[in-house]
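Below you'll find only one chain, the form predicted alone, shown as structure tokens.
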Amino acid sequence: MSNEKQNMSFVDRIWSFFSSITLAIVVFTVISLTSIVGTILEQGAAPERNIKLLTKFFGESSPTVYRILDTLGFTNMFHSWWFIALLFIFAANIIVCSLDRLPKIWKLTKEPIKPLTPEQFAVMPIKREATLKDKPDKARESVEAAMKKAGFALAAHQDENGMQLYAEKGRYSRLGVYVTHLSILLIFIGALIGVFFGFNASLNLLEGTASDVAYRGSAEKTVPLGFTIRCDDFNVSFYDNTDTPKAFNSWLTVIENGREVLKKQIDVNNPLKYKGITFYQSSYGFSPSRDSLFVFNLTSPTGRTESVSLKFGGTFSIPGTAVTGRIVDFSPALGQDPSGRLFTYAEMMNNPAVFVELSEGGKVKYNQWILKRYPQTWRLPDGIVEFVDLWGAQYTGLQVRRDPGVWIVYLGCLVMAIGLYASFFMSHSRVWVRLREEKGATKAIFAASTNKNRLSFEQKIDRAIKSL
């Protein structure tokens, strides 16, 4: 063996290295383990976000751990040279292994089943015998019918030892592993196309604002979209009496060449897609400005309703009355402590409330906090004042992705499903039946083989014999 290695040419050594199963196991293990790290870390995110995440695992050492991982390329792992090199090595390993073994398997696959010699009959792994009362010609019909129900269409061969029937099925299932290899290569190709020709970016859009670029990585490198995306509105709803978000939605408009070409309401599982770019709802935030508008629905005592939008400090009139309201305070998350003192407990719009001063004839009549999530606070002595929204104060966080290789990845997944099904649920099974007349009856000798799931195959043969 040592001499064989010494006599190998350089090309043979390279071929031997890449056709090694050990290499496949080592590279696949490294890819899997590093992918776990790359999945846990948020790729291309600001350092603060990953340091906060690492604090859960490493405590005060998290900044040091982050610097090490960042130096090794784990914060942008799927674009790092070493990860792409691992993919190429694994792909080369799969290709060389397949080329090294496929010709032999293909030859076996193409070789048709033939009648067995008596010596071959004797050494087959599965053997059964049965005695049929009919003559061989009549018994052949029974055997063919029974084996047809088992999935075998028997061919016949007559020689000096009697009649032999034989058939096989699942011949091409031996290629299942190579179909799986092909699927892995397709997935790699799709992933690399996504890495080199796609992008994964983010974009925070305040209600009423638009952008024609997204931002990639902590350095906020801009990525041109080729069109403009605008956030018309954003809303988050909560479970009753909690601050747990139930759903958040964005109303987006695509503008191209100065014309609105697409409008869509998106949520977490319902993205917007346009020209190969997908906008996923990923987060939200609160950033009020002087231009933010308080939106009210006003209902008079007689049922007349109006809608108004006001800036902070603005006034409104309740329809059909001489009562006017003025916005004098606002809290994005109004809470109350045990002593009854009101306070703001969060910087997000978890429980938005507006404090309104109501006047009549120039004199303050009364004032009241009106909460967006609690309709009982809307009803006033002079009508209903519903606090609908503070528009222009929330932004929608969008994940922006373009992946031109995704359809090749989907194709690879489909091919992999076919390959795995052929590899694990199909088998190459062969059966031979020799019919010989003995004492006016027919003796049927069964021989069979299969490359997997032998127990199930034997049970199928036994059921066929039992039905004779």
Partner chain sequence: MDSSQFFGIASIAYILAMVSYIAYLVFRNGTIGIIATTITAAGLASQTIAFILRGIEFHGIGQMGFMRAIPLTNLYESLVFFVWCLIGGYLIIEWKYKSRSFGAFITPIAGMALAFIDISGMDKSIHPLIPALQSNWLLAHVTMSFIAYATFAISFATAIMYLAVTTDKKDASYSFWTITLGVFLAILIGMGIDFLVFRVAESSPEAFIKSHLFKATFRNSSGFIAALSYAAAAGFIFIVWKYGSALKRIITSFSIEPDLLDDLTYKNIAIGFPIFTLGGLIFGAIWADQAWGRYWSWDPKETWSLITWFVYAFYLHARFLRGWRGANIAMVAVVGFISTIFTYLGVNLLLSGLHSYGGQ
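Rigid core (definition): largest C-alpha set, two forms, superposition within 1.5 Å. What you see is a predicted model, and the numbers here were worked out from it, not measured in a lab. Positions refer to the first chain, counted from 1.
Not on display, but discussed next: the form predicted in complex with its partner chain.
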So its partner chain isn't shown here. In the model of the complex, which residue out of F316, F355, W391, F248 has a non-hydrogen atom within 4.5 Å of it? F248
Find the only residue in Q376, N269, N257, T302 having a heavy atom within 4.5 Å of its partner chain in the model of the complex. N269
Within 4.5 Å of its partner chain in the model of the complex, do S32, R101 and C413 each have at least one heavy atom? yes
So in the model of the complex, is its partner chain close enough to I184 to count as touching (4.5 Å, heavy atoms)? yes
Should I14 be classed as touching its partner chain in the model of the complex when contacts are defined as heavy atoms within 4.5 Å? no
Just checking whether A191 would be counted as a contact of its partner chain in the model of the complex - the rule being heavy atoms within 4.5 angstroms. yes
State yes or no: in the model of the complex, is some non-hydrogen atom of I51 no more than 4.5 angstroms from a non-hydrogen atom of its partner chain? no
Quick one: which of 367 to 375, 319 to 327, 118 to 126, 275 to 283 gets within 4.5 Å of its partner chain in the model of the complex, going by heavy atoms? 275 to 283
Looking at its partner chain in the model of the complex, which residues in 20 to 34 have at least one heavy atom within 4.5 Å of it? I21, T22, I25, F28, T29, I31, S32
Does T34 move its CA by 2 angstroms or more between the shown form and the other one when the core is aligned? yes
Superpose on the rigid core, then tell me if the C-alpha of F199 is displaced by 2 angstroms or more between the shown form and the other one. no
Align on the rigid core first; then say whether the Cα of F78 has moved by at least 2 Å between the shown form and the other one. yes
